[in-house]
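Structure 1 and structure 2, given next as structure tokens, are two forms of the same protein chain, each shown alone.
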Structure 1
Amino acid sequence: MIKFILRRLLLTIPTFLALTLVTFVAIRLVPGDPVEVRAGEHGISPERLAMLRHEMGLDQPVIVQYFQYLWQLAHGNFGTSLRTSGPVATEFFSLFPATLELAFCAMMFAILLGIPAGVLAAVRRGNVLDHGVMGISVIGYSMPIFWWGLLLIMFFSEWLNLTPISGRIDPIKFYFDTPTGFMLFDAWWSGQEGAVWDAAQHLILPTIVLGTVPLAVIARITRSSMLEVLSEDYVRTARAKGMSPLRVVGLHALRNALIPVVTSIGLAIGSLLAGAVLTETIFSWPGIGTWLIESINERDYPSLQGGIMLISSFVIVINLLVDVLYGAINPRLRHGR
């Protein structure tokens, strides 16, 4: 098991280096000059522009800038924001709890609906329920996030007036410190009546929008895995012994069918964080997604590079943990079978 973990750790090194190179190059392909953006709309002298470019290190050859960037990363330095002049890592971790809270709620929404839907579709294979679940899954997976978000806002917020449109809590009704950054917990900790419910209401639509794609994936993988397990001999034996259908499906089939589902859940975290960029923009959610969009508009290279690298590092760690967990469940993977 230790050798298996070490192999997976070694594989993360070239992945991380490739990620730094792709991020570094892709960001510099974005149109616009960060020096001119920082200088403002009013023109400044060429000497001042050259001084700013030197201060930002943009007068160096690209290859030199890349190795300087790697050297900073090796020392845990993700750069300084051009917009705020603050450390990128500090800004990231001050906003990351908002994104993490949204991603966690979206994943819970996807799991709690996706697994039962997939199980029911497999048990009722070929009937209306099965076709309905799979049809909705295809639609959910194919639906553009921005269109789905705007549709929900128009229906639930504008027409029915049931949910808030944007933000994490009503700042007019509630004001309190947020030491953890997780609004539901901080609202509960504040003791203000109605704060938790208001924070939960703000979470409803973003959770549905962000959780729709993983919900569709989990439902389809659960159905496929359940169909494979339900055809196994031990399931037929359990039925022949007279066990109730609920016990056969829940105890014998589902437990073994969950292995690929758990893997897909771990891998879906990356798509959640990627989808959070659009979701947070639509709902004005003050998290990493909104921060990255603002950094793109301002050509804030350090914030973009640091934010993408921190998110990617988080995804790499999650994937590593999923690999290790899967290797612990299935010993054949540890021996390369």
Structure 2
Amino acid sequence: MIKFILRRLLLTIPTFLALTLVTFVAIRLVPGDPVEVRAGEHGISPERLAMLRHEMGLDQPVIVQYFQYLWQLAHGNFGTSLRTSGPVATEFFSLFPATLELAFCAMMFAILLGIPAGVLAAVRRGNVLDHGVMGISVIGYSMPIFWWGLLLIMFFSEWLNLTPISGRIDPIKFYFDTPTGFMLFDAWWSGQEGAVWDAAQHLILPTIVLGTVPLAVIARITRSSMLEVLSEDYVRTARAKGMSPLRVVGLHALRNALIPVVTSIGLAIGSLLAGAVLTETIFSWPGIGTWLIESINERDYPSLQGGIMLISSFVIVINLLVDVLYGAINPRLRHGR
């Protein structure tokens, strides 16, 4: 097992190095000289320009610059934001909990609805229920979620006045410190009456929007995996023993059917973060997605570079964990190629 983990760890090193190379090259391809961007619109003297260039290490050979970049990354320095002049990593980690909270709720929504829907569809195979679940699932994973978000806002916020349109909490009614950055927790911690409920209301629509595609995918995978398992011998044996259908499905079949579902959930983290960019933009959710779009609109390329570096590292680490966990559950994979 340890050998397996070590091998997977070693395999991620070239991926990480390639990632640093991509972000390093990308920032140099972006139009606009970083020195002039920092110096501002108005021209400055050539001496001052050369000095700035030297300060930023841009007069060094490219290879040296790359190793300096790696050195900085190794020390947790992901660059300086042009907008705020603060370190990119600090900004990133102050906003990341908002995105994580949203992504977590969306995943929970997708799992809690998707697995039962998939099981029901498999058990009632070929029936109206099955066709209904599959039909909705096709629509779900074909959904342009930015439009879906606008529709939900139109319906629930504009017409029915049930949910707030944007943000994470009503800033007029509530004011409290956010030590963790997870609003539901911070609201509860603050002890202010109605704060948790308000935060939850803000979460509902974004959760549905971000959870829709994973919900459709999970329902589909659960159904097909369940169908496969239900035709296995041990399920037939359990049935023949006279076990109740509920026990057969719930106890014997579901446990084995869930393995591919769990894997797909782990691997969906990347697409969940991509969806978060759109969801956050629609609901003005103050997370990484909104921050990335703002960075690009204001040509804050260091933030973009650092942000992409951090997000991708997160995805690589999660995928590594999924692999290791999967190897722990399934020994065949560990010893395979």
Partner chain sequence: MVAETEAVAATAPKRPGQLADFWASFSENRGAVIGLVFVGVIALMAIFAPFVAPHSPIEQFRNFTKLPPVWEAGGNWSFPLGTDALGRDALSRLIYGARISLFIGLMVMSVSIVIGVILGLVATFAGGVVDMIIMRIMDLIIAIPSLVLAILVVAILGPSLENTIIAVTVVYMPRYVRLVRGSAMSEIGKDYVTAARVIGVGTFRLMFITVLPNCLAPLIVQAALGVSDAILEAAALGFLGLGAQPPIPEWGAMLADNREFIRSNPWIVTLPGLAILVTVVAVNIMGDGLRDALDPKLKRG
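When a residue number appears, read it as a position in the sequence of structure 1, where counting begins at 1. This one's a predicted model, so the numbers in the text were calculated from it and none came from an experiment. Take the two forms, superpose them, and find the largest set of C-alpha atoms that agree within 1.5 Å; that set is the rigid core.
Participant: Please match the form predicted together with its partner chain to structure 1 or structure 2.
Facilitator: Note: form predicted together with its partner chain is structure 2; the other is not.
Participant: After the core is overlaid between structure 1 and structure 2, has the C-alpha of L278 moved by 2 angstroms or more?
Facilitator: No, because once the rigid core is superposed, the C-alpha of L278 moves less than 2 Å between structure 1 and structure 2.
Participant: For Q60, is the CA shift between structure 1 and structure 2 at least 2 Å following rigid-core superposition?
Facilitator: It does, since the Q60 C-alpha is displaced 2 Å or more between structure 1 and structure 2 after the core fit.
Participant: Once the two forms are fit on the core, has V317 moved its CA by at least 2 Å between structure 1 and structure 2?
Facilitator: No, its C-alpha moves less than 2 Å.
Participant: After superposing on the rigid core, how many Å does the CA of T23 move between structure 1 and structure 2?
Facilitator: So the C-alpha of this residue moves 4.3 Å.
Participant: After superposing on the rigid core, what is the C-alpha displacement of P14 between structure 1 and structure 2, in Å?
Facilitator: Value for P14 between structure 1 and structure 2: 2.9 Å of C-alpha shift.
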